[in-house]
Structures are given as structure tokens and as C-alpha cells.
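So this first bit is one chain, no partners, the form predicted on its own, shown in C-alpha cells.
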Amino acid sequence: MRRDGQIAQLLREAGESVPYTSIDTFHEWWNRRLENAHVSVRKVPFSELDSWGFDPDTGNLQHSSGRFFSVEGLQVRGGASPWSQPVINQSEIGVLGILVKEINGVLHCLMQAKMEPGNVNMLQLSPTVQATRSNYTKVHRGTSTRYLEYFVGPQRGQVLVDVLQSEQGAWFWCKRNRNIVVLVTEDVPLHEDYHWLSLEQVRSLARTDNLINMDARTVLSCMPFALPEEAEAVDSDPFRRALVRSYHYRGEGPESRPLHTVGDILSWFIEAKSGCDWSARLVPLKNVTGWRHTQDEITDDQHFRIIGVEVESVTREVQQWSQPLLQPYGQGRALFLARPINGILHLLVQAHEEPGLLDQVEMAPTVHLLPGADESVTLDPFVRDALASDSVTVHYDQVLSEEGGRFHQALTRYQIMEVGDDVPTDVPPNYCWMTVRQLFDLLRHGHYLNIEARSLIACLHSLH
């Protein structure tokens, strides 16, 4: 059985070994998957959704089996401005699992070319297993979920990561999924929709718009053992040197240390959660106010709308089905401000409130804007001034998709921007400077970092 230190050594040796496949071979495989996808997604009125309908008493949009998910109402009370909205209620805990294996001395991930009806480009690179409980227990009466036996049951592999993590608290009600990474040593039969990629190759692909899907990003962010060596960054630029130190806490001199201790951070976070002056609850969808309900959509004409789609795909467990999807208006934005402090790169983390989160508050990027949000109103003045600084350097800027199984073409612009000493370390109460290592340690537990922060942490790996 390998320990974390042995796995870290395996990762460090990756540069001296040969990956299972080249990036060119990956792209050839990917293009074949695109050619063979044969996908059709068509918007339809709610009345044409098979096995879906509105409950006559509550108005909730739900499946006839009572499984999968439902569209219900969410009511927020207290605070500055109470409101209500539709929300997706999916109480089942799904499995998001990546299978890893040593091949040619390099740790590889088994990734899937998965079609989701809401994807802007239909096919995206996904975890080995990405399935709700309704899916893998075959409520849909389709085929079995491939490779599930490696993650659940008595024959599963060695578990490296296993943690419950939240998803979008603005669109889901208390949604959680099991993020799990499993190491195997035996041969794994390879299906044509799956491909082995080294961890470094997966990270490099994060620099491509709409390729690595949201579910893969959240699992990749939870891998705590992939720490770069400080010696590797000696001859690199100052940002990369500070980033590598941030993985280890250490700076250049004996006085170099993180700005805050772990105890300081946890106390700050508890204070933020304790300060919530509002509450949220589920209500019947028919009680939601300010939203138009037509035969084709439920919408407020600003933030998002609920629509129906009919789907055909030869690569899924069921080849034809229909379902509701949440379609945002416009594009979201998630951005980490980064700054070297004591020679160590720190990220500016926000304590962010969302009504659908289990604990109401989770740690989010410096900027976390939903589609339809007005930046001139929403952004904190401190953050607005920092973004306007002459010292800003953009290190990461990609448009990535959110979960395509529930959202229709939901896109977020993910960014990492470095600022200089002109941006102070003293920040407003709902912000805190943290090192990458401090965030990594929190990712061993659920309900600390929200889905957007985890996506950006996965993207950050491509920079060191």
C-alpha cells in the first residue's frame, strides 16, 4: 500500500519518465470521440418532457419516479432584501471519481469523454465516474455505470481522497457529491470513451476553454499530494517561485511565514458564518414571486431560466431522454487575486454567502459573480481598486463550463491575477489572505471551499 509520501515521490519522478500517451495522441482520440458523439439536444415545452410534470399541489417540477431531482422554490428571509427563486433540489449524493494508476513510472488519471446535454460543446473531459445515485442504481433502466466497482463496494481500490463537497449554492439546494480518487495496480480494461492521461497532461489541458469539466476540476483540486519541489523553481520567474513556496508554506528567510495561522483562518471563517442574519428554506415552486411561468420557461429575465430539453446520445447509459435544465443569462466570473507576502504567494479568499449551501457560507474566490450580476454594484470597493492597480498581471484567464447535466451552457470566466505591494495586506472583514498549502489542507474536509474556488485551485496547478 502506497503512502502519500510515496505518491508524491512518484509525481516528482514524472518528468524523468515517459507518459502513457502524448498530447498529440490524446487530441487524435478526442477528435474521434467528437466525430462519434452523434448528439442532439432540442429545447421543448414542459408539456413534452417525458415522465416530468408539475405537481398540482406545489407546482414543483419533478420526475414521475420521485428520483433524480426536482425544481422547487427557495425563499430567503431576513437580511437586507428577502427574495425567492426556483432552485434545483437533488438530495442524492453522487459519485465523482477519478481512477489513478502508475504507468511507466508516472501517475495517470483515467479520464472520460462524456456528453452532457447542457455542455456548450457537448463533449468534455470528465472523471472516470460521474454519476448520481439514480444513475448508477439504474432508475433510468439504462446500462451500468462503467468502472463504478473501483469506487464502491468490497473490490474498490486504495482510496487516496474521499470527501463530500458542495456545488453551486445559488442554483442547488444543499447539493453534495462524493469526490473520490482511487489508486489501482492491476490492469484496467479500457473502453473507447476513456483515456489515460498523466496528471501533468490533465493540468496542461486546463489551459483550454471548455475542455476539463466542472466535476473533473473539483476532484482534481482535492488531490493533496501533488506538491512541487522548491528546487524546481530556482531559475523560474518570481511568481512561480512564490507559488511553489506557497505549496510548502516556506519563504526565503527564517522570518518568512504565512500571513495568518490556521487557527486565525478557522476563527475568521467561523466568525463569518456566525454573522449571517438571514435564513433560507424550500417552499412550493408556485409560491415563488417575481418569476414568469410560461409553457416554455420559468424566468425572471435577468439571472436564469428553467427550460426543458429532449436529448439523444449514443454514448450514454440511456440513448434518449428529456429533462429540465437551468440556463443562466450571460457569463459568470470567478477570480483569485494573488500577492507575494513574505516571499510566499497568498490568495485573497472571500467568505461568501449562498442560500443553497448547507452552512450558508463557504470560502470563495476574491471575485465571485453569477451571470446577470452588476459588477459596479456587487464588487467590494477594495477589490475594485485592486483590480484597477497598475501592478496587475494576469496569469490565468479561461472560460470554463459548469455542470452540463443540470445547467444549459453555463459558462464562467476563471482568472488568477497577481498584484503588487500597492495592494495592502489589510483587507475588509469578509476577506483573508491564505497560502495554497492552507487551502489544500482545508480541501481534505467538506464545506470549506466552494465549487468556484475548487475549480480555480485545479487551474492553479497548471501554473507551477
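So that there is no doubt, residue numbering starts at 1 and follows the sequence shown. Keep in mind it's a predicted model, so treat the numbers as computed, not measured.
There is another form of the same protein, the form predicted together with another copy of the chain; it is not shown, and what comes next is about it.
Checked against another copy of the chain in the model of the complex, the candidates Val314, Val120, Val394, Leu358 yield a single residue with a heavy atom inside 4.5 Å, and that residue is Leu358.
Among the residues Glu375, Glu271, Glu192, Asp237, the one placing a heavy atom within 4.5 Å of another copy of the chain in the model of the complex is Glu271. Heavy atoms of every residue among Ser91, Gly263 and Tyr448 are located within 4.5 Å of another copy of the chain in the model of the complex. Under a 4.5 angstroms non-hydrogen atom cutoff, another copy of the chain in the model of the complex has Arg281 among its neighbouring residues. Within this chain, Glu167 is remote from the site of another copy of the chain in the model of the complex, having no heavy atom within 4.5 Å.
Another copy of the chain is not shown here, and in the model of the complex it never comes within 4.5 Å of any heavy atom of Val309.
Contact annotation for Arg203: none of its heavy atoms lies within 4.5 Å of another copy of the chain in the model of the complex.
Across the options 158-166, 238-246, 215-223, 346-354, residues that bring heavy atoms within 4.5 Å of another copy of the chain in the model of the complex belong to 158-166. Residues of 199-221 that come within 4.5 Å of another copy of the chain in the model of the complex, judged by any heavy atom, do not exist; none qualify.
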